[in-house]
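Take a look at this single chain, the form predicted on its own, given in structure tokens.
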Amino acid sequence: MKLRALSLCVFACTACAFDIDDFFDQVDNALTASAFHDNLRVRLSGTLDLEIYHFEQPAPGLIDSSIDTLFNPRLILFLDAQVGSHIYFFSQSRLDRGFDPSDHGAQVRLDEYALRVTPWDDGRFTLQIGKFATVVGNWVPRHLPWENPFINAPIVYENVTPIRDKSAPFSVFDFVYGFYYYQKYAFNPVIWGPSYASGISVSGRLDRFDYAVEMKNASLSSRPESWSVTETGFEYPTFSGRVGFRPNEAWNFGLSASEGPYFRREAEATLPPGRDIGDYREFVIGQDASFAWRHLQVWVEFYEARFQVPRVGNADTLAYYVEAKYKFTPQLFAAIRWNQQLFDDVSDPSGGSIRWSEDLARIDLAAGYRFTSHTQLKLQYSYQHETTGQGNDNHLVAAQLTTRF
């Protein structure tokens, strides 16, 4: 009897999964349209993410919440339009509680929109203009909820540092200890998530090499409200690029670089006399690699960054992560990621030196299960340890249910 009951339960779940897949296939057909003998194709798609976080205060990373348990729903809509084989337009809009998880009210944003032109079929050259994710590194192409094995981003994309873009520090001590006097969102990471800044890019693939170069209106560390061209113009552009090499199907290596001013316009009044925003820049050098073999995928990124800080000098940091994902079955996977960020010293007025932020180490563990080709559940545990200074710890437990259509 028990075996029969279990068999019936499995059969019912399988039948339900097929019903769900069939429903979403019908939705996909309804949201896809074509015209002019299929020369114009338009598709609307999206994901609905239901996230819950439990953590210790202060909230880790870019989470903006004063409560320990946070529910964070998010609706993402994608619009893709293809004209012939050479012109492509895409956009991404969101309904959520903020670009990063927060306890704020609901808001609607247009995060991405871009026009892409590829004149030749072999992909040797592509021109793109609009508001879109940075070309730097190898995490950004897989940062969306369905592709990311984890719920959060690697430490280099979300750990806030003493760098602030809205005001310059008054002294070295104001720079180093400003965390105690300002809210967390006054500060910036090395790279703020996927960095959807506005601009233009050229990219392509030549045999085993691929390249991408972009000019954006804001630096990699800039906050989301700086990414819109109506908020930040091109008076102080940032230039970034990546060159990749694929020796075979398993390996992919990349070298990235970026350079540009990181202060917002309102910071100009706080700069030393005779200086302007263009005098203080963020420099980033990145190395990345990925490997795929059967059920195993591995990604690695290293970033060396330098910020030119008024009244302080050069503030240098190194951040990296190593991430692995293994598929046990087509539906079940697990992932592990080791992150670390190290900070150099800056000179203090007494002639000595002081570390400009505390070194951090974090391990992320995640497991995911795809019930159908449209529904996925992820669970994650993260442990972050301050390896210098007071040695503060933070534990994070999170779950994310994603439905795509």
Partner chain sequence: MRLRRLLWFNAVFSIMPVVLLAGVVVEGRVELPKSHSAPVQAKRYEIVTKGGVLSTQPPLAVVYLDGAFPRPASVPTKEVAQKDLTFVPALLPIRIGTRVEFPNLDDTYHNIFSYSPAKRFDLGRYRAEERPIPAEVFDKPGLVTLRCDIHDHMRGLILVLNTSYFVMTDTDGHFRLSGLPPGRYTLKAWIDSRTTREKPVELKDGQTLHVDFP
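Since the structure is predicted, the reported quantities are computational estimates derived from the model, not experimental observations. Positions refer to the first chain, counted from 1.
There is also a form predicted in complex with the partner chain; it is not shown, and the following applies to it.
Enquirer: Sort through 42-50, 66-74, 357-365, 342-350 and report the only stretch with a non-hydrogen atom within 4.5 Å of the partner chain in the predicted complex.
Expert: Of the options given, it is 42-50.
Enquirer: Consider R223 of the chain shown here, and say whether it contacts the partner chain in the predicted complex, taking contact as heavy atoms within 4.5 Å.
Expert: R223: no, not in contact with the partner chain in the predicted complex.
Enquirer: With a cut-off of 4.5 Å between heavy atoms, is E112 one of the residues that contacts the partner chain in the predicted complex?
Expert: Because a heavy atom of E112 falls inside 4.5 Å of the partner chain in the predicted complex, the answer is yes.
Enquirer: Consider R337 of the chain shown here, and say whether it contacts the partner chain in the predicted complex, taking contact as heavy atoms within 4.5 Å.
Expert: R337: no contact with the partner chain in the predicted complex.
Enquirer: Is V312 close enough to the partner chain in the predicted complex to count, meaning some heavy atom within 4.5 Å?
Expert: Contact check for V312: no, nothing within 4.5 Å of the partner chain in the predicted complex.
Enquirer: Quick one: in the predicted complex, does every one of F23, R116 and P141 get a heavy atom within 4.5 Å of the partner chain?
Expert: Verified in the predicted complex; spot residues all in contact, yes.
Enquirer: Tell me, which of T161, N148, T232, Q297 has a heavy atom within 4.5 angstroms of the partner chain in the predicted complex?
Expert: Going through each option in turn, the one that passes is Q297.
Enquirer: Of Y157, Y196, Y303, F263, which one comes within 4.5 Å of the partner chain in the predicted complex, counting heavy atoms only?
Expert: Exactly one residue meets the criterion: Y196.
Enquirer: Does anything in 238-269 come within 4.5 Å of the partner chain in the predicted complex by heavy atoms, and if so which residues, in order?
Expert: Result: R242, R246, N248, E249, A250.
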